[in-house]
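The chain below stands alone and is given in structure tokens; this is the form predicted alone.
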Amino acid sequence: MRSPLIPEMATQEVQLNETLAHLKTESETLKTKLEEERAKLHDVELHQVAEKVEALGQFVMKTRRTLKGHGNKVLCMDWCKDKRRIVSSSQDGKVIVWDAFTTNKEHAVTMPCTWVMACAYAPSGCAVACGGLDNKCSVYPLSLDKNENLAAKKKSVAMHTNYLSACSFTNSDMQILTSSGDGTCALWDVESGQLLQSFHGHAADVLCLDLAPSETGNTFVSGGCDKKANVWDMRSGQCIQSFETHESDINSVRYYPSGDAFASGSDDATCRLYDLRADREVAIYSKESIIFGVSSVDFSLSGRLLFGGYNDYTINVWDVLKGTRVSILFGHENRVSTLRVSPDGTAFCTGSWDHTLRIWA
């Protein structure tokens, strides 16, 4: 005898599928409407507005320092607020703190795992955070005693269910923001390791994040393998803006110095600029001759230049307003994996799969 429940369950399933299909079409219609509204506001291109702006003259930037000491690919780096020290992490499992001026190594920590994909300097300069394939973010306090065993003071702060792709301290040493291959970002309390807020909205690995520059900034932007760049409210955990114009993974996002826009770099070989007030993409930085992905982007202090580290071993320098390339820098012998402009804007540092870091000015 057949259970009377079977036809009932089947009809329920059909109804469910119908509702789902209906909701899907509804969301697609709303998406199209949104795009139409956005297009109405799209009246002029950035480079057209900037036509009257004076072109940039020739400028010479070259490698001023080379930092050697990692035994494998350099994956991430960050500047200390003192404008002098740098922390870098590598596939060899090492995290090194350098004096960029003398090229001396001040501290070195060997992590329990290789592929240390993320590292960050604390605002006070008294600690560094790092993590990677161990799925967590660890904070190491730095002391003036060079012989001290840093590993003994290690504090595990964040736990994800997949690799850690990026981390950044907020405006204090007390909170840290992380992004992960598990598709989420999260805000943690450093002291207790408690999860303060989690951010769900990416449909795939989150690869990068950047905090809004203002002191009161309670927003951050993240980019990932779902080709989306999302802007989040840190207090509510809500995604407040989303941009989906890249054609491949977004490897890097960086706020414009004023906080009103951000740039992204992607495997689709383009950098793009998104204006948050206009709620749309306002510029694409690309050339037909550039076919390799962008691993990392950062702005000059004025915001006029955008530096991009590429997988073809080069650094391209773009005029943000005019959308043209103003310089191409050679030096690394493998792909450039990370790039950061120093806090005072006088130099920038790149890390590469050629095991070295370079300071350019």
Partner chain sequence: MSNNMAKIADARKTVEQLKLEVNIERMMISKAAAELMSYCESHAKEDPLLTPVPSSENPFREKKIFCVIL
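Numbering follows the first chain given and starts at 1. Here the structure is a predicted model, which is why all the values come from computation and not from measurement. Between two forms, the rigid core is defined as the largest C-alpha subset superposing within 1.5 Å.
There is another form of the same protein, the form predicted together with its partner chain; it is not shown, and what comes next is about it.
Just one listed stretch, out of 121-129, 150-158, 277-285, 217-225, contacts its partner chain in the predicted complex at the 4.5 Å heavy atom level, and that stretch is 277-285.
Interface residue remark: Gly303 is counted as part of the site for its partner chain in the predicted complex, having a heavy atom within 4.5 Å. Proximity of Arg235 to its partner chain in the predicted complex falls outside the 4.5 Å heavy atom cutoff. Within 4.5 Å of some heavy atom of its partner chain in the predicted complex lies at least one heavy atom of Phe307. At a distance threshold of 4.5 angstroms between non-hydrogen atoms, Pro257 is in contact with its partner chain in the predicted complex. Just one of Leu273, Met111, Ala186, Met77 comes within 4.5 Å of its partner chain in the predicted complex, counting any heavy atom, and that one is Leu273. Contacts between 79-118 and its partner chain, taken as any heavy atom within 4.5 Å in the predicted complex, involve Trp79, Lys83, Ala100, Phe101, Thr102, Asn104. Annotation for Glu13: C-alpha shift of 2 angstroms or more between the shown form and the other one, rigid core superposed.
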